[in-house]
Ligand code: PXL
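A lone chain, given as structure tokens: the form predicted on its own.
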């Protein structure tokens, strides 16, 4: 990814500005996920999150009930107004997209901003299955969107969907993980971080691959047994922030993995309900 500092040198972005990140995801008022997570993490990292909701929910869908407002019809007017303001972005960071039209809208927005680095978190499924909303045409459109990314952060399920590979569980070897990353990059993506790879019974890893250099590595963390919603959003948000601030790939992936593991381990020692996600607020200052 081209760093924010490099964009300043090229005169694309004014040195006096706080780096802007266009964050495109759903907004859940309660539950520590999506845009709430992205906005808090990126702000404390000294960056300016600019939020484009794909949907507005009272709380995330892991709870028994929730209210839901589809934001599709407002997304294009959102970015058209941003264009009137002549906003320039260091990074465009996408998360959950709920329809083919939303994916098309995001793709059109990205084309308007060649100055931006693109980070796509292809939120499509988990545990070997696509989410109920993800139809085969949507999966195909997400392949095209991911192909435009400077960095993509699929989990193993999503990597298998993107590459039409059969899902055989998250317990895969480093070599298999790199092969999945390589296949995603063959579609156009520059770099991939494959998340949630269970390389050993009590160890999970994030596996990185760079299409242009062939560089690959694995960042390992001791597994936290409890599985919380929102941790993927936290990982991608810290990664986005670190890369935008100019960290190298290994440092950025390591920082994101360390943060998520730390807050998950802390939360697992409390009586916090799983759906309330991890207690990350006390640790935000460490990202500053």
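Positions refer to the first chain, counted from 1. Computed from a predicted model, the values in this text were never measured in an experiment.
Form predicted in complex with the named molecule: not shown, discussed below.
Contact test, all of 145, 148 and 211, partner the named molecule in the predicted complex, heavy atom 4.5 Å: Spot residues vs the named molecule: no contact at all.
Have a look at 221, 255, 40, 61 for me and say which one sits with a heavy atom within 4.5 Å of the named molecule in the predicted complex. The residue from 221, 255, 40, 61 that makes the contact is 61.
Which pick from 243, 33, 47, 263 sits with a heavy atom within 4.5 Å of the named molecule in the predicted complex? Only one option qualifies, and that one is 33.
With heavy atoms only and a cut-off of 4.5 Å, decide whether residue 237 touches the named molecule in the predicted complex. Residue-level check for residue 237: no, no contact with the named molecule.
Would residue 57 sit within 4.5 Å of the named molecule in the predicted complex, counting heavy atoms only? Yes, contact at 4.5 Å.
Using a 4.5 Å cut-off on any heavy atom, which residues of 225-242 would contact the named molecule in the predicted complex? Contacting residues: 229, 230, 233.
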